[in-house]
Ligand SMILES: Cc1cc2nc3c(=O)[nH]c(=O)nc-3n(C[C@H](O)[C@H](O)[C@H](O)COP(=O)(O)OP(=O)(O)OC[C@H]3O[C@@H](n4cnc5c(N)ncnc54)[C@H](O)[C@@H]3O)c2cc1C
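One chain is shown next in structure tokens, namely the form predicted on its own.
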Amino acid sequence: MDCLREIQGKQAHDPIFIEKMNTSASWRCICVPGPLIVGAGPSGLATAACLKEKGVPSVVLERSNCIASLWQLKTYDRLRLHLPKQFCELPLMGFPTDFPTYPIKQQFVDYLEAYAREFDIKPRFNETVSQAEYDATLGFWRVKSVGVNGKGTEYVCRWLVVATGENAEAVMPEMEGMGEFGGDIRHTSLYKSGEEFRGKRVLVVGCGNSGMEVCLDLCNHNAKPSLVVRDTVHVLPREMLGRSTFGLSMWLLKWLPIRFVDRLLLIVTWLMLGDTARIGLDRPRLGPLELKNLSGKTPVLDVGTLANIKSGDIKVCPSIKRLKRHAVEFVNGKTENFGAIILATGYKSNVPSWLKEREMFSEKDGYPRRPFPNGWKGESGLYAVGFTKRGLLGTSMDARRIAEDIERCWKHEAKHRMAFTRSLLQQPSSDSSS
């Protein structure tokens, strides 16, 4: 293994490196000849597959016990892809032709598992990365992970791919009176079905796609949901003019300016859904595509929730002032009783908690500092995939770029090693010269 030989050579001649590598006898050290990928979700799998296609081996670390742990362990039962399947394919492999336009949760998981088998991707599960830091003395990344048994492993690699993505940790907002409420308060990552809330009054906090769908699911199970709308929101029909709204938008953007497309989308939406401001859903000043482009905020694609709001089955509420005993006081002064609160407050990156690097990633939000499409590459062999705020399309773009970039380095180093080996073989031996 060339990488291992290089490290051993440095170890033999560098006392500082010897001290670093032997700081803890309880840690085993593994040299990774290719890139180390942290995260076995769609982003990590896509990058590993693109690298595999180019003949570059990689190692994938995953803190959970399965691939796509967010999808398998932390999503509700009724979830399905919000966009048509052709916009959610990973590189090099499409969805089965018999899958519906909007695959359900289990179908998407099946697709990802088939994807991993197709490219022989075998992540190292139950490995939680606790620290990753570039060692300038060594010229490699040192990545420490801890297994379920508490044993530590240090991986040494030339390239590090951060694929933990935008949804690594649930966002749990602090609300006054949370300890006083007394009822069930949970994030959507712990919500599976409205069945357990049948007949109960449930307050859903957050009006993104997840919050809207959870409300609809609660309605379908005869619960009594209310929805906290704290901000403006664009709600669009999932399909318009016989095509998916997203697909139509992408097609129109090929020919028309983004503001014109936004205006067209809003006109058609008004004709199909009416004035959403009348039911408490005010629209932002910027159009849906322009807002998405500038802030990453995704418009809500309606799958039936709006009809339930209009009928009164889902009640729209203002922001929360404080929680009381089985009750919620809102900023408008009204207080209502609830048996449970579901927090559809989204997720965040956890990169700053383990990656010791300040140039590429922001310590504030854990995203690459450079905006799309330039946030995929950092310094010293550091890469990011799945942070574009553009879903699986953005993931696929990043994965391809990363694989191409690493392939160039891989081939260059292989050529250099071959030339070095050839020069050694061509050198006359000491016996022949005597």
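In case it trips you up, residue 1 is the first one in the sequence shown, and so on. Note that the structure is a prediction, hence the values are computed from the model and not measured.
Separately, the form predicted in complex with the ligand exists; it is not shown, and the next lines address it.
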| query | finding |
| --- | --- |
| Residue 210, heavy atom within 4.5 angstroms of the ligand in the model of the complex | yes |
| The ligand contact at residue 345 in the model of the complex, heavy atom, 4.5 Å | no |
| In the model of the complex, residue 366 touching the ligand (heavy atom, 4.5 Å) | no |
| Any non-hydrogen atom of residue 226 within 4.5 angstroms of the ligand in the model of the complex | no |
| Among 27-35, 43-51, 370-378, 399-407, the region lying within 4.5 Å of the ligand in the model of the complex by heavy atom distance | 43-51 |
| Contact check for 78, 299 and 308 against the ligand in the model of the complex, heavy atom at 4.5 Å | no |
| Selected contact from 324, 283, 142, 82, since only one has a non-hydrogen atom within 4.5 angstroms of the ligand in the model of the complex | 82 |
| The unique member of 288, 206, 123, 165 whose heavy atoms fall within 4.5 Å of the ligand in the model of the complex | 165 |
| Contact set, 329-365 vs the ligand in the model of the complex - heavy atom within 4.5 angstroms | 347, 350, 354 |
